[in-house]
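Take a look at this one chain, the form predicted on its own, written out in structure tokens.
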């Protein structure tokens, strides 16, 4: 049994990590400010220690990492548009907090820290698929903050010998992803709209492509990164290695739900990337990672959860 701190553990990806760790019999502590996370995301998971606070405050970060063997640093305000609207708040959550967690974890003798990196760091470089050795080209404050976090992780490994791995996510989706915010992931927004019989909104022409990755694949990649002997100091794409346009995505989701709802098109948003697809060769080589849940299966799980949420809300 090992001890794990999941920062941002009351959020979407963090709560799935906490759930799987508990299922494996590990000791789990969650640190979350509840700015974007929700306490109810952990209600069904027994035995999780919960600390509420702001990791941008160093004393709280030090308390959170104390006694932990592994840190899964998921805490962030994970939104390109929100970072464009409010770069100062975004920077505090995504850059200041990350440096604090790195310093606190290093000083506490943590074995390894896994950082939630982002495909937004690649920007609009035309080459597909995106490889980890491509230079960063951030188009938004959020992307720049993730570049900083990734480079800080690599520096801490090189400079201090503190083991870190940056697992780079590509458009993660699944149950418990909040659809209620203007900054929510597109699949959660589409799923809620279809479940409620509303036309979903697409920003741009809908021909932009994404490597949508079901959350169970990400959980598997992150937990593999904790133990992989050759992963320290590396940046590793964790995705499916495929891509689909938003127009095609909506057609698939309509088919699953049995609807024929057409999208409402609006102007594209500043900072959004046109195309994204991961090269997952490095993840296969260093982590033994292969995505186990494909897009359609993940969409079915997500839509079933969303429909259940809509039914529960209607019954209240």
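Residue numbers count along the first chain shown, from 1. Please read these numbers as outputs of a predicted model, since none were measured by experiment.
One more form of this protein exists, namely the form predicted together with a small molecule; it is left out here, but the text below deals with it.
Highlighted residues 142, 186 and 202: every one comes within 4.5 Å of the small molecule in the predicted complex, counting any heavy atom. Between 74-82, 87-95, 106-114, 221-229, the stretch whose residues reach within 4.5 angstroms of the small molecule in the predicted complex through a non-hydrogen atom is 74-82.
Put simply, of 120, 164, 213, 237 only one has a heavy atom within 4.5 Å of the small molecule in the predicted complex, and it is 120. Taking 42, 273, 287, 56 one by one, only a single residue has any non-hydrogen atom within 4.5 Å of the small molecule in the predicted complex, and it is 273. The small molecule is not shown here, but in the predicted complex it comes within 4.5 Å of a heavy atom of residue 269. For residue 169, a non-hydrogen atom is located within 4.5 Å of the small molecule in the predicted complex, even though that partner is not displayed. Interface residue remark: residue 208 is counted as part of the site for the small molecule in the predicted complex, having a heavy atom within 4.5 Å. Although the partner is absent here, residue 246 sits close enough that one of its heavy atoms falls within 4.5 Å of the small molecule in the predicted complex.
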